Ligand code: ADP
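The form predicted on its own is given below as one chain in structure tokens.
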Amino acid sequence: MRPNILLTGTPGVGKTTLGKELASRTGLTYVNVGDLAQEGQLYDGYDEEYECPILDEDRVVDELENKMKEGGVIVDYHGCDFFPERWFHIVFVLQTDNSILYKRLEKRGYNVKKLQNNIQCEIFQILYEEALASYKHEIVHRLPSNVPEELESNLDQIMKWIEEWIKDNN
């Protein structure tokens, strides 16, 4: 048995970088929900204001269900309240200082409204609160994600956790 891990947080905090690197170091399967939705056209319309497609959450859950049952999956998405609680053994909420996050999102070409909304989301820790409301508190952990050294530290910490989890559950 291998654990399922959720990486969540505001867009631009480094979920994809962390998730891909973690998968390459551990052999776990990495799933970027945004890419999955794009490949399968798992959308329920388009949001003109934020200039992005609207995720069909039910179809995403259906698409992932069998993979999650097998275990050993790292899921990367900025939202988390629609995933079944039973799926994840641990949840990491990545957080980034606003000035750093602002620059990252600006580089992505986010429009003003989308940029401001995401910065406010980070300021008010919306996704951390969402994770706490969706999962047992003891499995939800915050990780700083500002500089490359923190990425390495986060990778080390998560890989140690995975080792322990595998030892305890097999």
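It should be emphasised that the depicted structure is a prediction, and the values quoted were computed from it without experimental measurement. From 1 onward, residues are counted along the sequence shown.
One more form of this protein exists, namely the form predicted in complex with the named molecule; it is left out here, but the text below deals with it.
Open site. The named molecule, superposed from its pose in the model of the complex, has no atom within 2.4 Å of any backbone or C-beta atom of the chain shown. The stretch from 36-44, 56-64, 121-129, 104-112 that comes within 4.5 Å of the named molecule in the model of the complex, counting heavy atoms only, is 104-112. The closest non-hydrogen atom of L151 lies within 4.5 Å of the named molecule in the model of the complex.
Among heavy atoms of T26, none comes within 4.5 Å of the named molecule in the model of the complex. Using a 4.5 angstroms threshold between heavy atoms, M159 stays clear of the named molecule in the model of the complex. Residues from 136-152 that approach the named molecule in the model of the complex with a non-hydrogen atom closer than or equal to 4.5 Å are S145, N146, V147, P148, L151, in the order they occur in the chain.
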